[in-house]
Each structure stands twice: as C-alpha cells, then as structure tokens.
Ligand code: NDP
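Only one chain is given next, in structure tokens, and it is the form predicted alone.
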C-alpha cells in the first residue's frame, strides 16, 4: 500500500540558548503577542519573564494568558481567543508543553476565523459524520517554545482539545497550524522534573513506534521514527536519572522533534486512539502515563497471530534498536515488548490502568469513543482491531 507522505516545512531553531537569539525573527511575524505559558512553571522558572524581556527589546507588546491546564479544554481555548481578539493580537506564542502549544494553535485559529456562524474552537473539530469548520491560511502566526521532550506539538499540524461536557478529546488537523516558528531551547527542556521527563519521553517513543508500524509505506517518516527510537533507547533513562546531562537532554529534544515530524506524516495508531479516550474521560491522567498503561498490551495484540512479514520486521527493528537479539524475526519482534517494559521500569512508569483513577466500568464507553473520535488511528493500526479487541486490551491493561 502506497501512502501519501505530507511533508510540512518547519522553521526550527534548536540548541542551548536558542530563545535568546530569536527576538528579531519573532518581530517579523507580529508586534502584539498573546503569550500562552504553561501554568505556573514557566513563570516560576523565569522563562516567561525572559521571553517578555526579549519581546520588549524588540518593541513587541505582549499580553499573558496564564490559565492553561493539562489537557486544555474548549472553555480555556475560547477564553484565550476572546482575549486575543479583544487586544487585537497579531501573534500567538505558546511557551510550555503540548498543552500550551496546542492552546496557542487553537487561539490562532479562532482569533481570525470566528464569525457570526463560528463562535467556539469546538466548531473546528471533526467527529463522526460532522465535518469541522475549514481552517484557512488567515490563521495568526504562532511561535512554539517547547518546555518538554515528548509531545512533538512544536512541529505538528495538530491541536488536541478536550470537551469536558462530552468527555471527547479529538485532534484538530490542518497544515496551517504547523507553528510558524518553533524554538527548542535545551536550557528550557532541561528544567523538566523527573516524572515529566519520563511521561513525555514515553509519549515521544510511542509517536516514533506507532508512526513506524502504521499501515502504509512511509519511507521518509520511517527515517525520522527509527532515529527517534534509537535516541530514546540511548538517552531517556539518562535524562531521567540526571536532568543536568545536557547531551541526554539534547538527544531527547531531537528525538521528540523527529517523532513529531514522523507522526505528522504517517500518524499514530491504536495506542493513541485509546489513550485519547482515557484522557477525555479522565483529564487528570497524563497522556504519557495513559500510553504507558496500554502500549504493551497493544504491542502484544499486534504481534499475536500476526504473521505479516512487514509488521514482524518492523517490531524486530525496534527491538534491535534497544539492543535485543533473536534467532528469527518473530522471536526478535516479540522482544520489542520486553524492551519497552524494561525502559518503563528504568523510568518508573511500569503501571497498569488499575494504578490510575479509572473506573473499569467505563471500558465500553471509552472503546466506543475511541472508534468515534480517533477511528483513523485504529484503521492505520498494523493489525485490524474490532471493538471487542479494544475492550479486551483495556481489560488486560488493568
């Protein structure tokens, strides 16, 4: 099967101190910015004030919208849109993790696309047969300054928003929401605490693995994905155990960026579809932790009774990147599960859904939501999954 490979151009500034060097470039995109920081952390660590100082030096006005929580909601994004419109902002800057950057993307959409018929970011979501409102190139320019090495949002055409009323967590997709400028400053990502390093790093690993095993031929994203897996296998536990290891932090930031580029082309598969459903019902659950609880069971499902040469070879390649060996491809492929379990143990996220505040009685509802909201990811999974299969995977993940 030949798949269309969409490649997105990203203006990426990468390296230690890169934030300090981008003031003049930011000015080229606008002079009245709405800043969307991670709540508390960017202010506490001094990076928000540093950004404001850089903007002021370039005579860029700024307004701060510091209300973004983990798994941003429709209400939060709509409030940010109103603030941007009320202040005539012509530039949106997200500084923080995926939640801040996804919110910034959503605000950039609504600030120019709201009209008498469109009044909420939810109007841009596609669910079931309902097509979202069209996103055009009139979107405001966005600057993404990532503080984590895991979500990949700083280089992707996605914005993930949660609807608290319906418990839905879909992704908004458009080539126009790839950030206009992406800044990966190693000084910022090195500030991540251990737990966040673990869960975001595992998210990046899942992005890389899922995009690699997704149905279709993706020769370019495969290169990104495999290099990302290699970097994570060698550096995630080092970054977790020693946050001051600049080499490990740099390699994890690169792995995250490559994995983000990979899912922008070949997309994620079943684990992400299931994890989004979990977070939709339980927004307090970190996305990476939800993935940690279900990924091993999905890998077992994908390899069980699956003699697809392509699937087996791909999982075997993942195992090899983690240093595993086997007498034949199928044995080696199965060792990929062992490899992922070992990395989970090293970074303290060997968890099951029973360790999280999740009601087992909601499995069927979460399954139905995964098929309604993230069906395309399920369809790209290397082994066809029916609802009964997904229910069983949820059950076995407890």
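Values in this document were obtained by computation on a predicted structure and should not be read as measured data. Residue numbers count along the first chain shown, from 1.
There is another form of the same protein, the form predicted together with the named molecule; it is not shown, and what comes next is about it.
The stretch from 343-351, 365-373, 44-52, 330-338 that comes within 4.5 Å of the named molecule in the predicted complex, counting heavy atoms only, is 44-52.
Although the partner is absent from this view, residue 99 contacts the named molecule in the predicted complex, with a non-hydrogen atom inside 4.5 angstroms. Shown alone here, residue 193 lies within 4.5 Å of the named molecule in the predicted complex, counting heavy atoms only. The closest heavy atom approach of residue 267 to the named molecule in the predicted complex falls outside 4.5 Å. In the predicted complex, the named molecule lies within 4.5 Å of some heavy atom of residue 71. Within 4.5 Å of the named molecule in the predicted complex, a heavy atom is found for every one of 38, 158 and 188. With the partner omitted from this view, the residue of 147, 277, 228, 142 that lies near the named molecule in the predicted complex is 147 [heavy atom within 4.5 Å]. Scanning 221, 295, 273, 200 against the named molecule in the predicted complex with a 4.5 Å heavy atom cut-off leaves one residue, 200.
For the partner-free chain shown, just 207 of 204-228 comes within 4.5 angstroms of the named molecule in the predicted complex, judged by any non-hydrogen atom.
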